[in-house]
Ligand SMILES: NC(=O)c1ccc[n+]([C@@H]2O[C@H](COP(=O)([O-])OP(=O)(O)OC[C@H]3O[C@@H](n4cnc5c(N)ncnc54)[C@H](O)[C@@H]3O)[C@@H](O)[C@H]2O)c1
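Form predicted on its own, single chain, as structure tokens, below.
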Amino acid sequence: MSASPVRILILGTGAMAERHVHFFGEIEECRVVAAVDIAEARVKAFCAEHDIPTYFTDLDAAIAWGEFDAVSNITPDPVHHPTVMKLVETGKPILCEKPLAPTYPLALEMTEAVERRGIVNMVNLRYRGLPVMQKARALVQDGVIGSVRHIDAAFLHSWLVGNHWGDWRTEERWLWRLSSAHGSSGVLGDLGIHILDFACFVADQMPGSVHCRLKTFAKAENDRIGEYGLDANDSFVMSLEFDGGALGLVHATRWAPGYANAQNVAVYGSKGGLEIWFESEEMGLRLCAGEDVHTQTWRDVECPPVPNTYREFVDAVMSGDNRQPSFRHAAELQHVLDLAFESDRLGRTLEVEPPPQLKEATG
């Protein structure tokens, strides 16, 4: 272990940066030493609030300063690629928010760049750090539910209906998520990568084919509020066949009253089934297996604590050994999401074959 704390540079000080600073602050072996944001008033206020000693309004200036050991990249989605490609030249570990990039080719370029340099890299698919998720995967891998046959996964938001997170009609932090011109890939790009990863991780399978439908609902006159065209998808339904033979339905929406931030994942197999629920940090896992399948009896499963993504990243920085979820895994998920968009455009099922670049990279 390092004798001194891992020095973290925060890149981007929007809403998600609060979460990163909070969780890094709980880790004794690291400290946040600087932040970068092009908006000087915002980064200055952010550093004052969180007692961060140094700030920059330019990434090049922060790189030239160099007094950091690792970077947490929390910039808007379209900015991940150009900022990571700059950071690669420093050789320093990178934790990047999801999605890794708006498209697979960009995500692959980022992946190959960090792998060539041997840079520790992770993507903040933060639900990997849920105890229910880790325990459910272990049950599947141990064969407790037999061969996986069916997967059902949903991610439910309701901020287009309720005001619990503010008024999306007036707040930039929500409006940009509804506008493709402002870099949004809609609910498929925002929530889809999380719930797809959740389903794949727990079931221990990856998609082999995908059929997807996207829907954008009318929300304002002429589908526009100010400079924001409200054209990004609000809901998606994705039908999948997985490489292990299971069928699955993965879907998400921002139109689910009663659910602020809920994920429900069910995996059913030849010997039993398990169901996970997660809603605003409350969670549970139940299992029906063995003799219980004959009486449809569900039993709650105890789930011991596991390290979150931020803890895993700091450990990876200190050891030099990469942890999951990696850039490469996020790139593979992005390939599926790219095909989902194409499936909706073409109106048909598409095979999820590894692209030529990925075949060459993985051998």
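Numbering starts at 1 and follows the sequence shown. The shown structure was predicted, so the numbers you read here are calculated from the model rather than taken from an experiment.
FYI, the form predicted together with the named molecule isn't displayed, but the following is about it.
Participant: Decide yes or no: are 111, 120 and 323 jointly within 4.5 Å of the named molecule in the model of the complex, with each residue judged by its heavy atoms?
Facilitator: No: none of 111, 120 and 323 comes within 4.5 Å of the named molecule in the model of the complex.
Participant: Does any heavy atom of residue 272 come within 4.5 Å of a heavy atom of the named molecule in the model of the complex?
Facilitator: Judged by the heavy-atom cut-off of 4.5 Å, residue 272 is well away from the named molecule in the model of the complex.
Participant: Is the gap between residue 88 and the named molecule in the model of the complex 4.5 Å or less for some heavy atom pair?
Facilitator: It does not: once the named molecule is placed as it appears in the model of the complex, residue 88 has no heavy atom within 4.5 Å of it.
Participant: Is residue 48 a contact residue for the named molecule in the model of the complex, using a 4.5 Å heavy atom cut-off?
Facilitator: It does not: once the named molecule is placed as it appears in the model of the complex, residue 48 has no heavy atom within 4.5 Å of it.
Participant: Is the gap between residue 133 and the named molecule in the model of the complex 4.5 Å or less for some heavy atom pair?
Facilitator: Although the named molecule is absent here, residue 133 would stay clear of it in the model of the complex, with no heavy atoms inside 4.5 Å.
Participant: Pick the stretch from 174-182, 196-204, 245-253, 146-154 whose residues have a heavy atom within 4.5 Å of the named molecule in the model of the complex.
Facilitator: Only one stretch qualifies here: 174-182.
Participant: Looking at 316, 337, 331, 36, which is the one with a non-hydrogen atom within 4.5 Å of the named molecule in the model of the complex?
Facilitator: Only one option qualifies, and that one is 36.
Participant: Give me the residue from 232, 276, 188, 74 that has a heavy atom within 4.5 Å of the named molecule in the model of the complex.
Facilitator: After the contact test, the surviving option is 74.
Participant: Enumerate the residues of 267-283 that have a non-hydrogen atom within 4.5 Å of the named molecule in the model of the complex, in sequence order, or give none.
Facilitator: Read in sequence order, no residue approaches the named molecule (within 4.5 Å, in the model of the complex).
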